[in-house]
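Here's a solo chain for you in structure tokens, the form predicted on its own.
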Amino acid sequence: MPVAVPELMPALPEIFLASAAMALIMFGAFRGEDSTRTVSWLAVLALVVAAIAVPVVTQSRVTTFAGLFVTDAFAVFMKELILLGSALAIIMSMGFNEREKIARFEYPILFLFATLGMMLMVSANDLIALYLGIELQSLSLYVLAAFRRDTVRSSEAGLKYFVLGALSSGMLLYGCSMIYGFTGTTRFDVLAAMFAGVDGAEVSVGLIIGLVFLVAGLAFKVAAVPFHMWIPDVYEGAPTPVTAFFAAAPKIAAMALFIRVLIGPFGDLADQWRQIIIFISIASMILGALAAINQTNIKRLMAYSAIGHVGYALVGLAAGGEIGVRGVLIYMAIYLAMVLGTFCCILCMRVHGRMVEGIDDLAGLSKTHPMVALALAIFMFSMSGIPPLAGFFAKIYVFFAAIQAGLYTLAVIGVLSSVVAAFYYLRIVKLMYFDEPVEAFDRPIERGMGVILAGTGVFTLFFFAYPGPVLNSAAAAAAALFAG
């Protein structure tokens, strides 16, 4: 019996990225440690080429590899955000790694493999493909978290992430096995056809249990409460550019997978999973708002902030429908700019060549580094949702989706938690502009960091002036997901 040859063109960006990563391993192995900066820039180039290829090879919805892999406008939107976040994170890492004497050529290659796993997650059309993408991403991230081998905190971060990640993978696999056991398939499109028009009361309890375990495994990947316990320690212990990467690209990939799984195969069972999403959304928003108030380390503060932002994004997923998904996509695009810009500012926190992470170290920054202070103030105001900055519109779209879906209580809790969270964002602004300066941070800022800081700052500040590209792309991506 002849074997069908899979169509490779839809997966061309992933194939290219895998090939580039393996080629760079050989290049770095032969050139030695002196090749680190060259390998880093070649990795950035590979990500740029992949970003150009993604929309070129995707003109419509296509499945390949026996239905395991799907590409559509939704995948294009999320992959572009992931590739952008990964490329910027590598650029942000170069100077830091050289100063901290941890510059090794394997570092950017791990970014490429992690990014490849994220892209496979976004295009997963089967529970098996979903798991393979998650594990390829996770194995690379475990190593990156512990990359600074000579410090206890980094090793601890990598170990905690690995142990808890293994636990979440076990939960996810158990959920997948339950779903397969009660349906006889792992294919998303087959599951969607099976549940089309099915009343929730007709669904077996075993399938619902499997779905709960699957959602729990995915909630760990986005660090939603109550599966958030790893994120503060990992954010604090990992090298700062790695933390920036964790806060950006993997969050987007995990949220894309969350949407792909729940809206696609289980879209008709929304009444069964919506209450779970509402619970973890509310819990994440409340914990993110309250737990960060007493933090003194800015990386731990950003960890709890990330939990809160995941809660806001899940408001749109709980709302469901095209409007809800569009709100999540807009939120993640804006969040990418805000979080990368904030971590650029954190990477500027150096005194005599030594990184400092205390929030109090920002006192008087407006007098010693006025441009960095201005940029950080823009990001803090935006994260707190103050108009007319981009963060305000991000929250407006997800809260509007919740109101459209009749989830008024969820929207009200979101607004209230956003008000509470504004305290610790505005506290940073107060420290920078109204407190007396402490020891000045080192100058100058690296050119690459300055460009990223300026770009993300301008996007965040002037998003309201030209939101069309992001809004239209998000709307097309959401429409494509439901059309499939």
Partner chain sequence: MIVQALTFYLFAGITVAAGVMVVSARNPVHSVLFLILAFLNSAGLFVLMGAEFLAMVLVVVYVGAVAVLFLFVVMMLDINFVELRQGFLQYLPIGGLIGLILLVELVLVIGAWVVAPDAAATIAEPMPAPERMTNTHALGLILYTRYVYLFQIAGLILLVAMVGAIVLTLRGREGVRKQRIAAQVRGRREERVELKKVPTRGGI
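It should be emphasised that the depicted structure is a prediction, and the values quoted were computed from it without experimental measurement. Positions refer to the first chain, counted from 1.
The same protein has a further form, the form predicted in complex with its partner chain, not shown here; the description that follows concerns it.
**Student:** Its partner chain isn't shown here, but in the predicted bound form which of Ala402, Leu340, Val325, Leu110 has a heavy atom within 4.5 Å of it?
**Tutor:** In short, Leu110.
**Student:** Among Ala103, Cys176, Leu136, Ala363, which has at least one heavy atom within 4.5 Å of its partner chain in the predicted bound form?
**Tutor:** Looking at the other structure, the residue within range turns out to be Leu136.
**Student:** Any chance Met9 has a heavy atom within 4.5 Å of its partner chain in the predicted bound form?
**Tutor:** No, Met9 is distant from the partner.
**Student:** So in the predicted bound form, is its partner chain close enough to Arg149 to count as touching (4.5 Å, heavy atoms)?
**Tutor:** Judged by the heavy-atom cut-off of 4.5 Å, Arg149 is in contact with its partner chain in the predicted bound form.
**Student:** Does Phe213 reach its partner chain in the predicted bound form if we count a contact as any heavy atom within 4.5 Å?
**Tutor:** Output for Phe213 is yes: heavy atoms within 4.5 Å of its partner chain.
**Student:** Check Leu120 for me: does it contact its partner chain in the predicted bound form (non-hydrogen atoms, 4.5 angstroms)?
**Tutor:** Taking the distances in the predicted bound form, the answer for Leu120 is yes, it comes within 4.5 Å of its partner chain.
**Student:** Verify the flagged residues Phe69, Val190 and Ile209 against its partner chain in the predicted bound form: is each one within 4.5 Å by a non-hydrogen atom?
**Tutor:** Spot residues vs its partner chain: full contact, yes.
**Student:** Heavy atoms within 4.5 Å of its partner chain in the predicted bound form: which stretch among 312-320, 112-120, 257-265, 82-90?
**Tutor:** So the stretch in question is 112-120.
**Student:** Along 25-58, which positions have a non-hydrogen atom within 4.5 Å of its partner chain in the predicted bound form?
**Tutor:** Only a single residue, Ile25, comes within 4.5 Å of the partner.
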